[in-house]
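The form predicted on its own is given below as one chain in structure tokens.
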Amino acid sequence: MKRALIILALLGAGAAALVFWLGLRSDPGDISMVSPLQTPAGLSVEERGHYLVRVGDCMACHTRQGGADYAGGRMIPTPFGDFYSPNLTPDPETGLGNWSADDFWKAMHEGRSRDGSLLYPAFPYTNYTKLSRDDSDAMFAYLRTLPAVKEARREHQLQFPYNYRFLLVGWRALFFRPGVYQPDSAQDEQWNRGAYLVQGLGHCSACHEARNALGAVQSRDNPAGGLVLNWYAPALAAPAEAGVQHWPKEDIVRLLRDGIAPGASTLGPMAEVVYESLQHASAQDLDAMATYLKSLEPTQPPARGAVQVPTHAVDDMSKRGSLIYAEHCASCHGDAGEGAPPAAPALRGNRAVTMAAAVNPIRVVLFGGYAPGTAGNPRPFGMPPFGSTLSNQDVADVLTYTRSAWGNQGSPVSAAEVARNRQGPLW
């Protein structure tokens, strides 16, 4: 018995040591790996860094509403609590003023702060670890040129036990492996460029991949997209959601660059991504991203949990919804949901309307939505908000109707689900 206890103790100590080694190990990275993104002739390191920071959409998280660019302070709501982004300006007291390029590389590649503390993966270092050292250095060089802004960092407001940072050791041991992007020799240069942008710099999986209970990506087992900033980021590989495998490449580029394309438009947080970031990407990079996205293996849309709508109530909801639709919606979207592009998109056959997750249609009806203003869409049309006009039941009724009318095959929407989506910040 004593011998067995000793063996168990040794095994436990060995397992703990392995967890700590995996969670705390340092990884210098392959600094010899050259970025797949070519630098145009005559571009300085700082100018290249500006481009990378913009395409990486760093401003979106690191600029609070009404605050100075990149000075941090924006709240990022998550199921674990509220995170507040740090100051990226070169202020020596509250920003990156005392950081070196090596410190910045450790943050991007290993998820470690300047003092060695582990960073929460709300900062997508799980994606940025794929960046090459030369790209990381260029981004840091640009951030050093920003005006220094004194903006004290706000403490994260996290639920127990996530407020104990040392638990990240176990999370990293289970879910994080640092590593610079390695080109796929079976694919051409343009595909690898797109993979580097989508998987790394663009960190698309930070929103568009499902997460497990601990916030780690679980897409290998679940093709769902992600619920982020109170919106649903649809699965990029599912043709019934955001998959573009059968789209012409030029339409994919238009959606990424302009925020609109035939039969599609971006709203909510994705409209911000297009406005702040993707519209500024080069033609070559947009083509590379489209090449990669088209190549994704198609998946089935994720299954949705049980909807709290009794079967016997659906017909009555649809009847009421048809009346609400005729009063508030048909003048723009058409009597048969055919739409009137570009002012009003068709609702008939619209996968944004019928996908399993009803979060986005609910939020668009409640709060409205606009595509971004871009060079390719300089005067965007938008959807007015109806949250103050329609009750939770009204919204549930009209969406239950539109998700099942004209050949649509979406599931019903409950008033309770609408009520949940009235809560929290818009994004």
Partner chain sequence: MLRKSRFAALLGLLMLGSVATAAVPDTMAQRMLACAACHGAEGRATGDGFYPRIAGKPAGYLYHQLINFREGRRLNAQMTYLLERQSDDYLREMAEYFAGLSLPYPPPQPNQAEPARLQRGLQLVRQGDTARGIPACNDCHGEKMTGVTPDIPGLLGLPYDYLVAQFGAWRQGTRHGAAPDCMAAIVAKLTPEDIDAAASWLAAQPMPADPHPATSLPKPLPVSCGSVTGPGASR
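Numbering follows the first chain given and starts at 1. These numbers come from a predicted model, not from an experiment.
The form predicted together with the partner chain exists for this protein as well; it is not shown, and the discussion that follows is about that form.
Comparing 370-378, 391-399, 51-59, 36-44 against the partner chain in the model of the complex, the single stretch with non-hydrogen atoms within 4.5 angstroms of it is 370-378. This chain lacks the partner; the member of 82, 134, 338, 250 within 4.5 angstroms of the partner chain in the model of the complex by a non-hydrogen atom is 338. Screening 122, 236, 271, 228 for any heavy atom within 4.5 Å of the partner chain in the model of the complex leaves a single hit, 271. Interface membership of residue 100, defined by any non-hydrogen atom within 4.5 Å of the partner chain in the model of the complex, is ruled out. In the model of the complex, the partner chain lies within 4.5 Å of some heavy atom of residue 334. Looking at residue 65, you'd find a heavy atom of it within 4.5 angstroms of the partner chain in the model of the complex.
In the model of the complex, residue 383 approaches the partner chain with a heavy atom inside 4.5 Å.
Although the partner chain is omitted here, in the model of the complex all of 275, 330 and 343 have a heavy atom within 4.5 Å of it.
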